[in-house]
Ligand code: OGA
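As structure tokens, one chain now follows by itself in the form predicted alone.
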Amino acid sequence: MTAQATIEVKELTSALGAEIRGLDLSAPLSDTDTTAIRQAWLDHQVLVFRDQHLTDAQLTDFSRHFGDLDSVPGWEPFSPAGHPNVLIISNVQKDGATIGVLGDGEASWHTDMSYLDQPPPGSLLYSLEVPETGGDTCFMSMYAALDALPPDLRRAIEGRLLNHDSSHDSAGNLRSNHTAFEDVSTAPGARHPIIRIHPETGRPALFLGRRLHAWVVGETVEASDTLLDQVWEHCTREEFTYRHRWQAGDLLMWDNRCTMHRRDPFDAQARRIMHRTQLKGDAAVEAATLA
């Protein structure tokens, strides 16, 4: 455990993750603590703050210390009144309508909104209600996965672009404003280098988005699938991951540029309410990620 300013940073796994202790995030954050948190975020990729008691305004204020905020297109109706940059993630229904998005099913490994030309550099998720079991969120270090990638597989993806499908969400559902397709090489979405340079740390990391409907640009669908299956089989090894078992009052903050995450399903009758913010992507910064 190491001290930074007035906080403690406790490493959770060797690959990624750290718990930040000694801060009440409902109180104003000093410049010193903001700097220390940002450095811990860059060092550990995923930060955990336990036992927080935040209003939506306080969650928004804390998030803005790390960049401008953005909303998720199409999900504006699922923001609390007066807080357009907060998104409700929930399976709970009120008056016959779901109050949030993403329900109670499994969310497969993904990078938030990688189908955009400027994906969000980071996301924050705050738990208000959580089920007794299920609904864990797992994170994967794309630094560690790349560092351990076999040399021949790394050579096969260096300099290659990946198309990130924009038509399906992380639960695999077709978005309402898209049509189905059979050939993944025709999928809509942004194209990003499979190996990208983190604009703040300068470290290379894999950037895979989602496995579903991904396509290595220029390859046949068969060859692309074979290559991506090999990369994904390697990346999903347990030594590259951290599993978070939620408690009410947890706030998690992750670096979208060098991590992926997934969610376990949970009992549909259980209640799970989370409030989420995301940082806004920047075109000039995005250009610095090209490997």
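As the structure is a prediction and not an experimental result, all values here were calculated from the model. Throughout, we count residues from 1 along the sequence that is shown.
Below: the form predicted in complex with the named molecule, not depicted.
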Answer key: of Ser114, Asn163, Thr137, Asn91, within 4.5 Å of the named molecule in the predicted bound form (heavy atoms) is Thr137
Determine whether any heavy atom of His110 comes within 4.5 Å of a heavy atom of the named molecule in the predicted bound form, and answer yes or no. yes
Within 4.5 Å, heavy atoms only: does Leu102 come near the named molecule in the predicted bound form? yes
Tell me, yes or no, whether Leu125 is in contact with the named molecule in the predicted bound form, where a contact means a heavy atom of each within 4.5 Å. yes
Spell out, yes or no, whether the shortest heavy atom distance between Arg263 and the named molecule in the predicted bound form is within 4.5 Å. yes
For the interface check, one of 38 to 46, 228 to 236, 255 to 263, 51 to 59 should have non-hydrogen atoms within 4.5 Å of the named molecule in the predicted bound form; which one? 255 to 263
